[in-house]
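As a starting point, one isolated chain is supplied in structure tokens, in the form predicted on its own.
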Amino acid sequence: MIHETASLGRKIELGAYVVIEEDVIIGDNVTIGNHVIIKAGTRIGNNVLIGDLSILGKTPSANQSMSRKPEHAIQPLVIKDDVKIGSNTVLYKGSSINNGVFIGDLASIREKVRIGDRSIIGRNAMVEMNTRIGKQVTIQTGSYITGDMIIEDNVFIGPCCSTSNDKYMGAGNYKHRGPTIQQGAKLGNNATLLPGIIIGKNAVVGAGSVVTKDVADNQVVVGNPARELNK
């Protein structure tokens, strides 16, 4: 089903049972898999590939118990040129996916997320709201990227890393603030980062480390809690 107000470019390939809602704009040379739903107002650029069973432009929701309610007025999802989106992915309204980004199968990207050019979001990774991701960032399979986080350019995050933004675990007396990972830093698989810490430029966090405090530029830390590796 394609709404009459939707605008489709040239050379569009549509799978079976695709739903395109009102005011969607799609560029040229776009391939859309089977059972894809593109929600109202979504903007999609040229040369985009969308895998089967994906939902683009989902509106966030909440219940009465959640302390952080979604905003009522959220801008449409914007997907720029040469983006590849896997199957069974969910991308929310209010986010911007820049040129050449790759998003793996089963990934979820919440509202008001910004992803820079040519970054990679791995299979089954989750990116929470209000997070900024720079250019040429790699986030590997199964990683959890918390809300209110900053990831600068050329950062590598290994498989199954976990980050957090609530220091007191729902007590309500802490302003949500995720970690900041500065340019060129690398996290080994299964690393855990606590709220508000800073990982410096070109720093390395070893696999399985639990980082409880800031890591300086070019520093290598390992362990639980993470400490500087002997030079």
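Remember, predicted model here, so these are calculated numbers, not experimental data. The first residue of the sequence shown is number 1, and the count goes up from there.
Not pictured, yet referred to below: the form predicted together with another copy of the chain.
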Exactly one residue in A107, I115, I79, I151 has a non-hydrogen atom within 4.5 Å of another copy of the chain in the predicted bound form; which is it? A107
Exactly one of I26, L53, I198, V48 comes within 4.5 Å of another copy of the chain in the predicted bound form through a heavy atom, and that residue is L53
Looking at the partner-bound form in the predicted bound form, is N88 within 4.5 Å of another copy of the chain by any heavy atom? yes
Classify N202 as contacting or not contacting another copy of the chain in the predicted bound form by the rule of any non-hydrogen atom within 4.5 angstroms, answering yes or no. no
I'd like to check something about P159: if you look in the predicted bound form, is any of its heavy atoms closer than or equal to 4.5 Å to a heavy atom of another copy of the chain? yes
Mark K39 yes when one of its heavy atoms lies within 4.5 Å of a heavy atom of another copy of the chain in the predicted bound form, and no otherwise. yes
Suppose contact means any heavy atom within 4.5 Å; which members of 1 to 30 contact another copy of the chain in the predicted bound form? M1, A16, Y17, V18, V19
